[in-house]
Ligand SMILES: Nc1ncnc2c1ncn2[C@@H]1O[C@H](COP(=O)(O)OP(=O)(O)OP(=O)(O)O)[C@@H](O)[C@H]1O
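A lone chain, given as structure tokens: the form predicted alone.
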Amino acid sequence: MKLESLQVRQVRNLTDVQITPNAEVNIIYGENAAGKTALLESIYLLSKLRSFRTPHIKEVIQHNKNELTISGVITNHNNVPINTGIRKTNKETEIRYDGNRIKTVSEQANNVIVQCAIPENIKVLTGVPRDRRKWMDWAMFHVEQDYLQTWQDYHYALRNRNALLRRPAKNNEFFIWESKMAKTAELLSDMRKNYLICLQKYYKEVAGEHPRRNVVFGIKKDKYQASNFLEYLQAARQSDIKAGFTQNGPHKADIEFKIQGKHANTVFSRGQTKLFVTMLSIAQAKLLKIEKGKTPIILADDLTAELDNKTVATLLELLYEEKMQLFLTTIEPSEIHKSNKEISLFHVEHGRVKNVRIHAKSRPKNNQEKRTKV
């Protein structure tokens, strides 16, 4: 999958920007607050209809404007160029793909697949269980064909059971929804475990001989897992009635990352955490490509921050060798402009973007690049 062209209107300080990326490496550089991350954010929005920086779309829409629009041409997995675009206001969302109106975010996320290596990913280690479940759910959606439907079925039954917990209800009413929860809970748990086993294999390939290759992935054990889930729900019913909600189950699951028996977030420094989650993102992209034949677009924001030159060089080599379209942001392009790949540079300043296409074998000398405003 490749992004052939992108037009962004009224996303943060990007009033009207058009770029034509190349199929390999695209470096977006400029000072802080220039609009670099907003450009990556726009690609992410085109896929997932939400920002990776805030849950509030009004913070993304340009000040004093009512809507944002993002459009582009995507070359799909069959190498067919397809027009797609989104329009968002505070209250409305419109999605179009190949001339058709798309009804669900999940469908568009499957049309435009992106994999992110962004600072916010450190929540996979440092955040609360909900952050890790959210990370897992998005990853599983692309890998397991039946995951989304199973997840929806489980949560539908969960909502109905929770409603019963808050009013007088008969045992047979509970049994209907508890049975549905038990059936889908087993499927969810199995799919999650299998995914983590597969992901760990690809993570080790990405990590190579790095000391952090020995991180062990797993689902944190909970008391409900020690017995049949249906029996557990029935036994926990009175306790859940007092609480007013279902206190345990796959909707409360947590993912563990351990090294030498210790939780990774208690061992890793901030730089090591960033290295780990970046390698994790590359592993996820590799898994998608090899196991499912889906080649994502990779977005890497502020890759060089908090990492030494050797680590940055290692990560760049890992990213480049996967041969996926890559978008990187940085303040100083010379920090990452050291590749035999075809590279396009995009300079962002005060929300305006200038582009110069560079081929590694014929780089301009003395920084006299020809720049064209787009």
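Quick note: we count residues from 1 along the sequence shown, nothing fancier. Computed from a predicted model, the values in this text were never measured in an experiment.
One more form of this protein exists, namely the form predicted together with the named molecule; it is left out here, but the text below deals with it.
Distance criterion of 4.5 Å from any heavy atom to the named molecule in the model of the complex singles out Asn32 from the list Asn32, Asn309, Asn66, Ser334.
For the residues Leu345, Ala313, Ala305, Ile61, the 4.5 Å heavy atom test against the named molecule in the model of the complex is passed only by Ile61. Taking the partner from elsewhere, Ser51 is found to have every heavy atom lying beyond 4.5 Å of the named molecule in the model of the complex. Using a 4.5 angstroms threshold between heavy atoms, Thr37 counts as touching the named molecule in the model of the complex. Contact annotation for Asn13: at least one heavy atom lies within 4.5 Å of the named molecule in the model of the complex.
Judged by heavy atoms within 4.5 Å of the named molecule in the model of the complex, the contact stretch among the candidates 24 to 32, 43 to 51, 316 to 324, 66 to 74 is 24 to 32.
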